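Single chain ahead, written as structure tokens, the form predicted on its own.
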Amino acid sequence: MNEITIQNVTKSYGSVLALDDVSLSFSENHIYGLLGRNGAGKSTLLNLITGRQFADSGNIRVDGQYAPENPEAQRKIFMMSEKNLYPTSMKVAEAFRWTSRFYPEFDRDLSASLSSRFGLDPKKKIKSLSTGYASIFKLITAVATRAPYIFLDEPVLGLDANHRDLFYRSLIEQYSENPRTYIISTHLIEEAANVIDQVIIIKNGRLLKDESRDDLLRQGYTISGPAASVDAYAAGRNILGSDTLGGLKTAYLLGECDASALPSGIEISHLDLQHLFIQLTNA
């Protein structure tokens, strides 16, 4: 089976435990949302898979092959990170050309098409790109590799709203035409929620959730209204958290809603992924 498997992986930095006995898998042809607070262990996990760092213990395999220091396994992965690993004096077009040497499936036509779509000048040197266009350059490079597994660590850093929307639309288009596995690690959960279909949440170095977005969202709901009425309904139920503004209150609950028990004046709605993430990682 084509997938990346992580088995009982632990990683520490001195006295800081970054990942604690984590086991999970990334299956082929899914778009994953890898979510967690700052310092939760997301980037560490991606760095371990791509061989940029090494685990203290555990096993990482790509399509059944041991991943660390294995060129055959690593060429199946491309990781876009916040750091630029290309010589800054190199032009964008040169970077595309060199990337194609390491990723034979690199689509030069796609890189040209996306560059035009995003307004990226291939003749510009990487060091002259703004923060936003540096991210666009890295995004285009990642998508055009056609690698089976593409990691996008904070992919929309510095992008304005229009370019963020264009990126997500372009990603869906490419995924529809050429399915592969994307792992998106981002703090902008609300924007990515409609793109991802699988959710992995890491909290304090441990795996908290690993399931489909739809299954996860079906586990809870939100009620809003007068604080006293909300408290009366929520009493004895599994409350993730709540927000209060004046005399109004919103409660986030796990479980099925008992609509027949709702007091008058109470509104019910589905939990969105961002609020669910906040409440789960606050708990």
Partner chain sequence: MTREFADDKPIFVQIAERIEDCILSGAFTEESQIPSTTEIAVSDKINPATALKGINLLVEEGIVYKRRGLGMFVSTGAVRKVKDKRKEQFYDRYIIGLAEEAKKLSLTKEEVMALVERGYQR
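Given the structure is predicted, the values throughout are model-derived calculations rather than measurements. Rigid core: the largest C-alpha set superposing within 1.5 Å between the two forms. Residue numbers count along the first chain shown, from 1.
In what follows, reference is made to the form predicted together with the partner chain, a form of this protein that is not presented.
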| property | result |
| --- | --- |
| Residue stretch of 140-148, 91-99, 174-182, 71-79 approaching the partner chain in the model of the complex, non-hydrogen atom distance within 4.5 Å | 174-182 |
| Residues I31, R169 and D272 all lining the partner chain in the model of the complex, heavy atom within 4.5 Å | yes |
| Interface membership of R213, the partner chain in the model of the complex, 4.5 Å heavy atom rule | yes |
| is_contact(V195, the partner chain) in the model of the complex, heavy atom dist at most 4.5 Å | yes |
| Contact of E105 with the partner chain in the model of the complex (heavy atom, 4.5 Å) | no |
| Interface membership of E267, the partner chain in the model of the complex, 4.5 Å heavy atom rule | yes |
| G64: Cα shift of 2 Å or greater between this form and the one not shown (core-aligned) | no |
| Core-aligned C-alpha movement of S224 between this form and the one not shown, 2 Å or more | yes |
